[in-house]
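We begin with a single chain expressed as structure tokens, specifically the form predicted on its own.
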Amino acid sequence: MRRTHEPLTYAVVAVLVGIGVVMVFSSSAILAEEQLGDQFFYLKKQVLFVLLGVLAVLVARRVPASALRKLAYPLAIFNLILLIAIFVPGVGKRAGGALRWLRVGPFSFQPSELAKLSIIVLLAASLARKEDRVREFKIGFLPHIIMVAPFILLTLAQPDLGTALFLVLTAGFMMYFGGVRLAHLASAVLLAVPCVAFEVMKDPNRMKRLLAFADPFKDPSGYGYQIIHSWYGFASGGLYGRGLAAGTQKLFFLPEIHTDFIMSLVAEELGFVFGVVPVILLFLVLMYIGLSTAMNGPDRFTRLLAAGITASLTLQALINLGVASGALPTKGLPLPFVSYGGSSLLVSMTMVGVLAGVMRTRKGGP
């Protein structure tokens, strides 16, 4: 029986989730008290999400790869139905000018988060089945572009350009890992660039975010406000941090600090040494585990599945860190396991369960 990285995976994710719970409470307590009269509001919801996430891991890790492969198309169709349902009056929930949520009782769910997993399973199943002809344009490239296009177009329509681009990146990585010719992928990139440019230019808010990335101090109280205050958080924390709960940017200065910009608070309160570096190292360990699993999977489907999950989790972490530090334009992607939000946490934990299931397959588990 071969040893696997399953225990280490759980340990890494547990630490990241633990950091997330602590930082979500630190970042949201004052906001929740001011707006909702309950400083524990976001903490209680995040803890509930964590418990549901643990359940998702326990369930997903026991789903055989063969069963997951059979579920690829039903899962994709179900996800597309959810993405379409958002636009049905009275079903979708609008917030911040975007229509991205489905209301489920007292909770909201983002179908675009589930799309990250759906695309991975779908492409893994299809690329594995077409292994011998994957380098052919009409077999290995075009059908997979057609498969992911509805997810991307429906996400763009919400509108959510950041998540749509992330889905494109994930799909591109999987197709490359699956053996699709690089020349075909490069041609898709060349076609996509003017489309992305058009999407950015037609939306004044997206143009403002791009301008903020180029020169935030040109409008420090407008489009540059968010990234400037994120920098203040990083600078204020220095090497060792101001101390837990001692951050100032959460005092109604930095919007969305408990979601997209939670790393700014980690940097401010825990510092570079005790906050930023450990989080980065944990994701690097997770990336190593995922790639190791992908290279040693028992068959092509499980290898592609592990590679896709690894790419999704680590790419999203990299993008979030890039946005918070000002190295990338604002994208609106949460930091996996750490940022506040049920949809992202549940899907990320499910991915961990699926990855653990691949490891169990390697060692002959059920």
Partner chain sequence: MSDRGKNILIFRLRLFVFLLVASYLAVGYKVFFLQVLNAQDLKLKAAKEIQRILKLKPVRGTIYDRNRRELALSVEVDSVFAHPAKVNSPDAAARVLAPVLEMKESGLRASLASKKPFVWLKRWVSPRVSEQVTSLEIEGIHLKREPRRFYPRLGLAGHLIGFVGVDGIGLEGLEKEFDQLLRGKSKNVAFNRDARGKFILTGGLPHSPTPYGKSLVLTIDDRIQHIAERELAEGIKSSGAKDGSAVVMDPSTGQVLAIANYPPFNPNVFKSMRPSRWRNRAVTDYFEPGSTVKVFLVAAALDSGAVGIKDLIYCENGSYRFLDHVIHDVHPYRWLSIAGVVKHSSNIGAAKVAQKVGPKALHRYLWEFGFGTPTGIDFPGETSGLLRPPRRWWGTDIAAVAFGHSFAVSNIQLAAAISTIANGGVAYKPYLVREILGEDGKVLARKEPQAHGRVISTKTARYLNRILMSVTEEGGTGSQAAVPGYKTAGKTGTSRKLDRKTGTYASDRHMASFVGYVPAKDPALVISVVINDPTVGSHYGGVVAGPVFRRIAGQALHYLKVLPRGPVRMVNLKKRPVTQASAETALKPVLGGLGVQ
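Positions refer to the first chain, counted from 1. Predicted model only: the values in this text are computed from it and were never measured.
We do not show the form predicted in complex with the partner chain, though everything after this point is about it.
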task = Report the residue, out of 207, 239, 84, 196, that has at least one non-hydrogen atom within 4.5 angstroms of the partner chain in the predicted complex.
result = 239
ask   = Here the chain is shown alone; which of 231, 223, 101, 141 has a heavy atom within 4.5 Å of the partner chain in the predicted complex?
value = 231
query = Non-hydrogen atoms within 4.5 angstroms of the partner chain in the predicted complex: do 217, 276 and 326 all have one?
reply = yes
note = Note: the partner chain not shown here; in the predicted complex, the stretch from 150-158, 74-82, 112-120, 287-295 having heavy atoms within 4.5 Å of it is 287-295
inquiry  = Please tell me whether any heavy atom belonging to residue 45 falls inside 4.5 Å of a heavy atom of the partner chain, as the geometry stands in the predicted complex.
reply    = no
message = Please determine whether residue 69 contacts the partner chain in the predicted complex, using a 4.5 Å cut-off between heavy atoms.
response = no
ask   = Is residue 130 close enough to touch the partner chain in the predicted complex, meaning at least one heavy atom pair within 4.5 Å?
value = no
message = When the contact criterion is heavy atoms within 4.5 Å, does residue 248 count as touching the partner chain in the predicted complex?
response = yes
Contact set, 259-274 vs the partner chain in the predicted complex - heavy atom within 4.5 angstroms = 267, 271, 272
